[in-house]
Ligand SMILES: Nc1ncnc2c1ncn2[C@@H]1O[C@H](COP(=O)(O)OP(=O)(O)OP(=O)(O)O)[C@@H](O)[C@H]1O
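One chain comes next, on its own, written out as structure tokens in the form predicted alone.
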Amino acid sequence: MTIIEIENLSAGYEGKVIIEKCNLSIQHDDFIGIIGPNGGGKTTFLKALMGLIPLRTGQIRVFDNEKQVPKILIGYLPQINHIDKKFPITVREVVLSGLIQTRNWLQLPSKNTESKLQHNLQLLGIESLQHKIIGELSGGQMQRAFLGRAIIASPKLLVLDEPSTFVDSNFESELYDILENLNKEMAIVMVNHDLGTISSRVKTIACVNRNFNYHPSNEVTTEMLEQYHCPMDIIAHGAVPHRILHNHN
């Protein structure tokens, strides 16, 4: 079932095109990994997808139960370095702010909302931190709080921009297990530089380097990276993790 249809999208800033020729159909159970070089347009694509920047060309249509609608709920986990750590807000308030699209989150939460809040806090291992100010948290704890914010409204689509950045090693594996479970309820689009994670966790892959190139599988090959000029390494995980290098003459 299609939830988003992107046709001939191009977008950018201040008259400069950052990404173009983007065509993609997102299904309700998709888990799409986005790879590509720095500056290639990955974050620009995410912002265009969420309607945060205007399109230069093309269109994005959204659907709910196979009917076109003005919008659907999208949860967003931004890069953590874009977050103001000095803002005086608690973990609890951060997570509840994810309901801003559906209700006045400053109101006292209902019994159902409180139950859902506590469930998410427990799921992410931050129940004991809910009254702490966000700036007092470690990077990994902060990432958990903002993931809670992204999912509390039960969005149709979850968008993640480098979610493993600043995540502690203990939580990284848990994070992707959580995402796999969430994928049973929502589509996921995730930017990540860790190709080992991309190839083992996502269902399909898109390479973004000004142009948008979609691959209907999760296999990452050196030929793919060379074809689309993605300067990234392939890391193989096994008994002895190793990096795959080009053949030498």
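Heads up: residue numbers just count along the shown sequence, starting at 1. This is a predicted model, so every value here is computed, not measured.
Note that the form predicted in complex with the named molecule isn't included here; everything after this is about it.
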Residue 39: touches the named molecule in the predicted complex, heavy atom cutoff 4.5 angstroms: yes
### Query
Does residue 43 reach the named molecule in the predicted complex if we count a contact as any heavy atom within 4.5 Å?
yes
**Asked** Can you check whether residue 97 is within 4.5 Å of the named molecule in the predicted complex, heavy atom basis?
**Response** no
TODO: Mark residue 201 yes when one of its heavy atoms lies within 4.5 Å of a heavy atom of the named molecule in the predicted complex, and no otherwise.
DONE: no
Worksheet item: Has each of 79, 193 and 210 got a heavy atom lying within 4.5 angstroms of the named molecule in the predicted complex?
Response: yes
Partner contact check in the predicted complex: of 43-51, 60-68, 212-220, 22-30, the stretch with a heavy atom within 4.5 Å of the named molecule is 43-51
Restricting to 1-35, the residues within 4.5 Å of the named molecule in the predicted complex through any heavy atom are 13, 16, 18
